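Next up: just one chain, as structure tokens, the form predicted alone.
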Amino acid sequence: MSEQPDHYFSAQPASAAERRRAVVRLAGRDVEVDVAGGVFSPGGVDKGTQVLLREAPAPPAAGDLLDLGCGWGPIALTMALASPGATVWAVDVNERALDLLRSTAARLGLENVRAVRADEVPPDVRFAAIWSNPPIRVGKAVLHDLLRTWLPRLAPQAEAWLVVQKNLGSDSLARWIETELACDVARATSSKGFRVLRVG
């Protein structure tokens, strides 16, 4: 029986980490980040996340912010750099990704980043913003469960910003959120094959 390949949504990737550092541009500055195999987009900031970071408004200056499916952390790091007075919760199932983000945040002095598993976020926390490049490839059932869990935890008048590849069902996902979660969804922009959704 052949071994199953790692997915970026594996909790404990079996592949060699090949940990290294890369310089990427986040929040208007060049920063050195830790990346590795077995996590999403180990070569740098992926195109979808680039679109989200370019199109989303500045994150709230205070409160609790969420990066759902954080990977090695480009979204969480951007939020933390832009809003040092906020607490950034970076959630992922992939322990390697969380370790990478913790080490980068520590090196950058970003004490406001909490890189954790979902069950480590206190249940009473409500989010002033949620930004996510959600893990579409986990399948609809898992993705819907994720969004059903986290989107209702937005604070009143807060917004979520999601980026989804158009050919991977961005429009059907927008309709599902509107119908199932009774949220207002606006298609904020389209760029490079991705749709940015504003949910509020």
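Quick note: we count residues from 1 along the sequence shown, nothing fancier. Bear in mind that the values here come from a model prediction, so they are computed numbers and not experimental data.
The form predicted in complex with a small molecule exists for this protein as well; it is not shown, and the discussion that follows is about that form.
- Residue contact with the small molecule in the model of the complex: V88 places no heavy atom within 4.5 Å of it.
- Shown alone here, P134 lies within 4.5 Å of the small molecule in the model of the complex, counting heavy atoms only.
- Contact annotation: L66 falls outside 4.5 Å of the small molecule in the model of the complex, judged by heavy atom distances.
- In the model of the complex, T104 stays away from the small molecule, with no heavy atom inside 4.5 Å.
- Within 4.5 Å of the small molecule in the model of the complex, a heavy atom is found for all three of T49, V138 and L146.
- Stretch-level contact check against the small molecule in the model of the complex with heavy atoms at 4.5 Å: of 92-100, 120-128, 79-87, 107-115, the positive one is 92-100.
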